[in-house]
Structure formats: C-alpha cells, structure tokens
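Just one chain is shown here, as structure tokens, and it is the form predicted on its own.
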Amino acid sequence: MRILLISHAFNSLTQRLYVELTAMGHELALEFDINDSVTVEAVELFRPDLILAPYLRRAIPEAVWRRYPCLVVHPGPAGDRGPSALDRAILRGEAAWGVTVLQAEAEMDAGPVWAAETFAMRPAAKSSLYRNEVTEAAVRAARTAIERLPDYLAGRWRPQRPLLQPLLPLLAQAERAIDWQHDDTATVLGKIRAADGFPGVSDELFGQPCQLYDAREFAAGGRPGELLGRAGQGLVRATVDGAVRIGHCKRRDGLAIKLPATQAFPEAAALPALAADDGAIRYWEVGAIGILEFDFYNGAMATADCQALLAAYRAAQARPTRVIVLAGGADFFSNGLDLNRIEAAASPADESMRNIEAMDDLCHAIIETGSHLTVAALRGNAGAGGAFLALAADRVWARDGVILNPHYKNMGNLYGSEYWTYLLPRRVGADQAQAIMRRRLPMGAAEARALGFVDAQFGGTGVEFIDRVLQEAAGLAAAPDFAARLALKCARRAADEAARPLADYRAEELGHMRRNFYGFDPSYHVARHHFVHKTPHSWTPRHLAAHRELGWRVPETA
C-alpha cells in the first residue's frame, strides 16, 4: 500500500520505520510537518492508503484525519497522554513503559488504540531509550497496526478506546530544575537524562545560564553544588551524596551550541583535573581478541577524539592478540565529523579540514593493519564518515536494527573522504557504489548485507549482538588457517597499493573536500549551520517527498 509518513523530522525512529516498511513492499513518501496547508497538499498529491505519524509536535489537521486513516506513534502506554511522555517516565523512575499506535482524532492522544507494546526501562538518557527500546517497540506496534488495516476497512476489526489518563502539558523547565542543595545523585541524573538530548536542563555555570546534557555518576564528593574539577572534557559537580560528571553544555549567550562542557566554559581550565579522559574510549581483551570501544556523544568524532582513538588503536595493535574488534558505542558506531565543534571553531573551514585529516589518519591505520584481522561491530547506527570508517576493517558485522546513512550529500553536497572511493567499490562494485552515494536515503542492516556493505547481521539487542560478536571473533582467532588468512589479506593490500596507492585516493578525496570547505559554493557551511542550530524545516527534500517530483502522478490503479 501507499503510506505517507508525516513527521517533524527524519529522526532515528522515522528512518527505521521508513526502512522497515519499504522492505515490506510498501510505497513510502515523507512530508515534514511544516503547517496544515503543506500537509493537506501532500495528502492530495500522494493519496495514501494510510498516514503514519512517528514523530509529531502538532496535531494532524482535521481535514486529513477525517478522510484518511491516520495513526500516531505515541511514546507511552495505552491511555497515556501528553508531549513529554518519556521524559516524565524517566523522572518518575518507571520500571516499565510502552509505545502506542493510536488513531488521530480531535482530542490529543485520545483516539482508539490500534496496537501497543511494552518494554523494560533502564537507567539511561532519554535519547538512548528512544533510539533503542522505544524504536523497537514502535516498529513492532506499527507492523501490527498496518496488518490490521485491511480488516478495519472491511469492518471485521475495530480499535478499542483505552482508559484515558489526564492530558499532561509539555514538561516545563521549572519541573526539570535541579536543586543542588537537596537533590541526590540519582535525582540529578534522572533530571538530566530525562532532558537529553532535548531540551536539556536549564542551569547556571560560572555565573552564566546554560543547558546541561550528558551526565553520569562520578566518584567524588564535596559541598552540594560545588564544581569539583574536570574529568576530560566534562565538569564534575557535587550532589548531596556524591557527584555527577556533566559532559556537554549549551550556553545561552554567544554561539548557543551544544559543546563539551570545558569547551563551552573556558573558565573550567582553572579547575583541577580529576580524570585524564572522558572514559569514551575503552579497551579490553577476551583471549586472543582485543575489543576497542569508542562511545562518543551522539557518535560525533572531533579532531582530538580521532587522534585519541588512533593512539588507542596503535596500542591495541601492539598487544599479542589476533583479532581487533572496533565496537563503537551502544547507540552509535560513529557519525563522522563533529559538526558542533566545527561550527564553534574560529575558522570552521580550517577545523573541518583538521577533522577530516584526523579521520583519514585513523582509517589509514586500520586499512594498513597487517598484524591482526579487524572487525567493525556496529551495534549502533552509523552515518557519513562513520559508516565508511567501518569499511576500513576486514569484516563488518551489524546488529539487526542498525540504520546506516552511507552518504555525505545531505550535508550540503559534501564529497566525503575516509577512503570511501577505495573501500566502497571493492565491496559493492563501482556502479552500486555510485548508486549508494547518490541515493541519500537510510539503509537497514538487511539491505546492507544484501549489497555487501556489511558481511553479516545478527542480534536483536545490543547485548545479544556483542555476545555473538565475541563468539564469531573467537572463531576467527582460533581458525587453523588464521596465518594463511592474514597472509592473504596482506598480499591483497600490497596488490591494491601497487595498483593505486592509498595516498592517491586520499589526495583526490581531499581535493574535493577543500572545495567544499574553502570554495565559492557555501552549501556545506549553510547545511552545517542549520543542522547544528536545529533550524526548523521549511520544505521536505525531494528524495523523501516523491509526490513532489515534477510529473509525479498517482498510479491509475489507485
């Protein structure tokens, strides 16, 4: 059937549903929820069988929901109502929560329920819960709801109205506010987690108003509310029974960009250093396997992050292991360049070049590894340069629910580097490589496996995935022909280098990137600015809104 997605943004849940429903054979189009007239126009153009709204901040127009089946994905159990459902669940310390697919009607979140799923909560940031538990539950519920549509239209099934809870308003900052003189560590963590990554918790540091994000417990203590010191790029602040490390802040003056706390507040340099790093990079071993985790905030890898990860990788190479697993983070493998840090730089063009050079250095080291077999284990999503960082490894394994965005063009027609012109064609072929780079759409793990972008997909949850990764990596390390496999890898790399040196690929890619960064066309800088500042959409990109292509017509069978 034809399904029109109406969403405030093409966020992680909307992308996952787009991928899943397309794989099921449905014809998908998306329209950003800009205003009522735009939504009505999109519906008239596409004439969908069903409208699905995964992420809304406004009500669907009555002119639409009275004429078409309109299903809204609500991140709360049946009967829950209001725009801050998941935020409130975290603040209340709910042990379990849910997702409901309900029919749009005049009253907000009050329509009959088409499907509902529940899940166990864990102590995590709202953004992490949303990308994982909420998304998985939403996909299951949406599938169930869509399967019920034919019976609904034929009158064989009717959705049931739940017992409604009071409609709660948007959670105000006053309800999120931290009382540093009385709140314990668990309360502070809950408040910041419930606001991460939007809207953050309003607070004050060094006498300046700001938003707080990215908090975790820190083993220290002092006077409640006191800034105790620095932990890497984070600030440590005392609670009544311990301390928390605040990783990111957004000042409400100046650039107003979400940045590592010590970069947002240079005044932090006067504080004592309590830890040498952020704990974002962790290395551990299981037998002959070295596992290198790198859990950077939102998957963004700034210049210094790439350099630190390269140093950690070099140290892993020096260990007497056989296989190195690049495990990324729980939510993201990598999303490439840190656009926020670039936007805040004195020269965004210069910082862009430094950042891409550091990414290339890391990729080069992985590609040239002759001492180990390497595995990129994608338990979280990957985009842009982060997707091609994974291809630098010998094997690429992805969790079943992972979404990839292996392209750069959505960021102002950026050309990209990370040796993609070498890595991608050798996996999928030259023609398919160009098709992937032109397509500008998300790719699920199943499609990536079919194309050869990844070698295997498995594991429904992150824990299941890592357990299987360790089993498979142990098999690689213990294989009787391990030495022969390693020798073959080195021989192939030498042959590729003789045919065309990696330096040539890098020079050509960076030539294009210099034009993106320093050239006459400012598209990259404009797109980055809008991305960093979360500028509301004024139109839907044509690669998502097929119904807005010139000459598009509803099929005659519609």
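The first residue of the shown sequence is 1; numbering continues from there. Please read all numbers here as calculations on a predicted model, not as lab measurements.
One more form of this protein, predicted in complex with ligand COA, exists but is not displayed; see below.
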| query | finding |
| --- | --- |
| Of 397, 420, 332, 465, the one that lies within 4.5 Å of ligand COA in the model of the complex (heavy atoms) | 332 |
| Listed residue that, although ligand COA is not shown, lies within 4.5 Å of it in the model of the complex (heavy atoms), from 114, 294, 218, 408 | 408 |
| Contact stretch among 91-99, 478-486, 332-340, 448-456 - heavy atom within 4.5 Å of ligand COA in the model of the complex | 332-340 |
| In the model of the complex, residue 126 touching ligand COA (heavy atom, 4.5 Å) | no |
| Any non-hydrogen atom of residue 11 within 4.5 angstroms of ligand COA in the model of the complex | yes |
| Any non-hydrogen atom of residue 358 within 4.5 angstroms of ligand COA in the model of the complex | no |
| Proximity of residue 298 to ligand COA in the model of the complex, heavy atoms at 4.5 Å | yes |
| Heavy atom contacts to ligand COA in the model of the complex at 4.5 Å, residues of 112-135 in sequence order | 131 |
